[in-house]
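Single chain ahead, by itself, as structure tokens, in the form predicted alone.
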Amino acid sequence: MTDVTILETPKGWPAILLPRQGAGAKGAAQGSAKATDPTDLDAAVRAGAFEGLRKAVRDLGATATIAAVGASGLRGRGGAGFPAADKWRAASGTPAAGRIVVANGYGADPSSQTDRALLELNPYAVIEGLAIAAFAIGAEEAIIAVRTEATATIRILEAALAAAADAGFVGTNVLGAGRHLDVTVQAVQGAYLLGEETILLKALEGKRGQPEQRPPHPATHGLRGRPTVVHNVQTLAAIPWILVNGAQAYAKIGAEGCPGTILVQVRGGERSGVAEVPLGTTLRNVAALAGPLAKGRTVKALLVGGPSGGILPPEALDTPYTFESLRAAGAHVGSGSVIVADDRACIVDLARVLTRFCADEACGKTIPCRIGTRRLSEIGDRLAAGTSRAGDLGLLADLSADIVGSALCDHERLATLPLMSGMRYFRAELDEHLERSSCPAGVCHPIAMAASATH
């Protein structure tokens, strides 16, 4: 039984990824009556599991399956929002001795439990989506990548895979159609960077986790040199619903050009947990899922996207939760983490802590990664300590632009967001630290003590 809390969502919100999430969820999951075993295949089949796989294999065929996913508008939930069907077309159209599908369930962000919630509460949705993707591109090998320390998740997945193999949904002669699919759970040990697909593939090969120059992309030249489709587990879990209910039905959910639902980890109110949210929902409504703030407190900022996310002001609460809208605002979907900070928070302190984390997690392959992110972290530390140098904010902007312009992977580019979004929306607070060596929130030391001593 998982200890992940599933937050209650408004009546009428669609449930695509976690339709059976009452199974073992801590707290009162919406619509759940009693806890059930998430590895109970009979119960999952009664609820509709593997109907999408049957339709793909017996009715549609590979080409029509790819077309259906393309027509649905499904985009990757790993943070970048790349169209899922485009990867499938690239992989299936590349001549190769074998192809591979990889489900990224590593869950690299320590502030988010979205992937873990899905894998532990609805493992068959991920397995079915994986099987459909493999059928569509002609793959006979699939891997579910998870954290080495996620022992409970591994046990659930392995039990679910064993049951699915016994029933003929994976393994030899899938659904009697003469297709073979070998699915394994592979535990990997790494860091925050494993959210990037080329780094994940390196880890799966037992190599040092560092990004690769693209092109070639993994869809044409991936794991062991074979065409490899890498999807976040949420992307895969949506595929069965699309095939059963239709591409057009899926396209009508969420926002135009950004359809469907996504799992979001919400913190900051009286509750904390994971919720399934239609894309296009405003940040205000996402944040409200965690309940009210502590009595007498007001919203000061929202951290959207995890450790490399953007720090947005209350004026951004009506921003739609979509890939493009968040990027325009200076944040990103990232790991699906939304944290509400109240008026006691110091933006400078928050941004410097996040930047230090990103610098510590950088792999060091390129100069912007190895040196640039460290310099950003040092600027943040100086601002918090009251030891800033003249021109530090100009240096911050110039250095961030250089990193974004020359970085090899998204980790480097996005590592600039905490401090840059802080400067964009909370410039007065940065100036207070820089010019007066004062922390308005009374958080930063020693300048906070120096400021309080004058009153």
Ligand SMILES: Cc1cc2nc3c(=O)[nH]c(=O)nc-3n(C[C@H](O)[C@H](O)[C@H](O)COP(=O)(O)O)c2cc1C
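What you see is a predicted model, and the numbers here were worked out from it, not measured in a lab. Residue indices: 1-based, along the sequence shown.
Although not depicted, the form predicted in complex with the ligand is the subject of the following passage.
Visitor: Should E196 be counted as a contact of the ligand in the model of the complex, where contact means heavy atoms within 4.5 Å?
Guide: Answer yes; at least one heavy atom of E196 falls within 4.5 Å of the ligand in the model of the complex.
Visitor: Does the ligand get within 4.5 angstroms of any non-hydrogen atom of V183 in the model of the complex?
Guide: Heavy-atom contact with the ligand at 4.5 Å: absent for V183.
Visitor: Within 4.5 Å, heavy atoms only: does V101 come near the ligand in the model of the complex?
Guide: Although the ligand is absent here, V101 would stay clear of it in the model of the complex, with no heavy atoms inside 4.5 Å.
Visitor: Even though the partner isn't displayed, in the model of the complex is G190 close enough to the ligand, meaning a heavy atom within 4.5 Å?
Guide: Contact with the ligand, no.
Visitor: Just to confirm the contact call: exactly one of 293-301, 103-111, 163-171, 278-286 touches the ligand in the model of the complex at a 4.5 Å heavy atom cutoff, so which is it?
Guide: Checking each option against the 4.5 Å cut-off leaves 103-111.
Visitor: Pick from I127, L118, I242, V230: which residue has any heavy atom within 4.5 angstroms of the ligand in the model of the complex?
Guide: Exactly one listed residue reaches within 4.5 Å, namely V230.
Visitor: Between the options T235, Q265, T355, S72, which residue brings a heavy atom to within 4.5 Å of the ligand in the model of the complex?
Guide: Looking at T235, Q265, T355, S72 one by one, just T235 meets the 4.5 Å heavy-atom criterion.
Visitor: Let me test this: is every residue among G310, R424 and H433 within 4.5 Å of the ligand in the model of the complex, going by heavy atom positions?
Guide: The answer is no: none of the three residues contacts the partner (heavy atom, 4.5 Å cut-off).
Visitor: At a 4.5 angstroms cut-off on non-hydrogen atoms, which residues of 50-80 are near the ligand in the model of the complex? List them in order.
Guide: Those in contact are G76, R77, G78, G79.
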